[in-house]
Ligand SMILES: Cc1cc2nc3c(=O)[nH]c(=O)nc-3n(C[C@H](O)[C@H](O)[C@H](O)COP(=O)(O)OP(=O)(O)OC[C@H]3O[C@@H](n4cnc5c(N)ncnc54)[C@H](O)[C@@H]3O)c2cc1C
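One chain comes next, on its own, written as structure tokens: the form predicted alone.
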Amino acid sequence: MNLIGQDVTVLGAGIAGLATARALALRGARVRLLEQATEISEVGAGLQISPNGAVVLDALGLGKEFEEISVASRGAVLRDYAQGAEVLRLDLTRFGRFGLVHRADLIALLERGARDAGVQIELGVHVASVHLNGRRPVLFIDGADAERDELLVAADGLHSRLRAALLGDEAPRFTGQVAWRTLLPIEPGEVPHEAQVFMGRGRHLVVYPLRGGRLLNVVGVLETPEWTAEGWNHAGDPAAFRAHFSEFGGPVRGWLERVESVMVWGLFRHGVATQWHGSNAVLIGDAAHPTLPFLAQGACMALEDAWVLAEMLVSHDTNNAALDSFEALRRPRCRRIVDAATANARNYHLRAGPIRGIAHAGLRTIGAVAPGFMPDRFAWLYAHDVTARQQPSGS
């Protein structure tokens, strides 16, 4: 299908929305992107963009700029919490470029890319609801008349208006886990260019450098029966953060002593959507497949979605045929990623000392005898290139 001149409305100026807007505009669509915030500002902290996401940025013509704003990572190192002793090193460079980037920097890059491609971005637009009663989706926007859109792409996150129209009310489930995050100023070279995961009893902590090695991204996850509200912007107590991770040794203690402010939020499971599209309307990104952060794939899945959706739209005769193929391609892969992320949380939080000791000893042995074994178990994830070909994405 020729997208030249086709009108497309995208909801949400996050990673999924901005990348999709650029991908469609580069193929000739007239794209309007609606964002309810009055400005696209700095939210969140660090992101890990693995090769399966980086290839999309390359294909969108943004690869060189991404290299300039990110820290090239060698992979990940799993460490024991007590003294920071290395348990397993995962050299993931065999799969391509891993970039460690501040979310705000990636959003700014994608926003420039969208505007340069001709995308019309409208800020401060609140979509109250989406209705799917006819051939075209209907948007109800506060302070404006209802409008019918030729094609609607909903990249509006966990509380997507289109997801509500497709699936009705859904109740997310609290996972029993709370996440803490902060950023610390550091000197370039103070920490290695890799993600370090310190694994403890019912909790773990992840650190990696950002912005040329001048910032340290710190995220701690704790198992707790206490319910905590969703959302990224709840201020936490640095003293409580330190107390929760007081048993952690090695370099962690020094980092925690320097924390002056911290954010905290509860982790909730929303589930992969059972239906991704209706008539000329489709979910992408977190609106379709929200995930826990334990595989660092939320942003990468959003980038993959953007490319695959654009390719499906240009390779099918109708929008709805394209959306059928998009969902068929993306759902198995995204579900596998979400399931793997959920499993990682259990693996990081082994509580019983003997079990944890045996598991860590096994990982050390594997790393010493066959250093490529564990990285190769994730080839299905990191080596997958949606820009090269389309295939069933669960493989």
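All residue numbers are counted from 1 along the displayed sequence. What you are looking at is a predicted structure, and each value in this text was computed from that prediction instead of being measured.
Not pictured, yet referred to below: the form predicted together with the named molecule.
The contact with the named molecule in the predicted complex, taken as any heavy atom within 4.5 Å, belongs to 267 out of 191, 267, 256, 76. Here is the short version: of 136, 242, 211, 103, the single residue with a heavy atom within 4.5 Å of the named molecule in the predicted complex is 103.
In the predicted complex, at least one heavy atom of residue 161 sits within 4.5 Å of the named molecule.
Within this chain, residue 342 is remote from the site of the named molecule in the predicted complex, having no heavy atom within 4.5 Å. The closest heavy atom approach of residue 155 to the named molecule in the predicted complex falls within 4.5 Å. When contacts are judged by a 4.5 Å heavy atom cut-off, residue 113 does not count as touching the named molecule in the predicted complex. Contact with the named molecule, judged by heavy atoms within 4.5 Å in the predicted complex, is confined among 194 to 202, 164 to 172, 288 to 296, 83 to 91 to 288 to 296. Residues 125, 126, 127 of 118 to 138 are found to place at least one heavy atom within 4.5 Å of the named molecule in the predicted complex.
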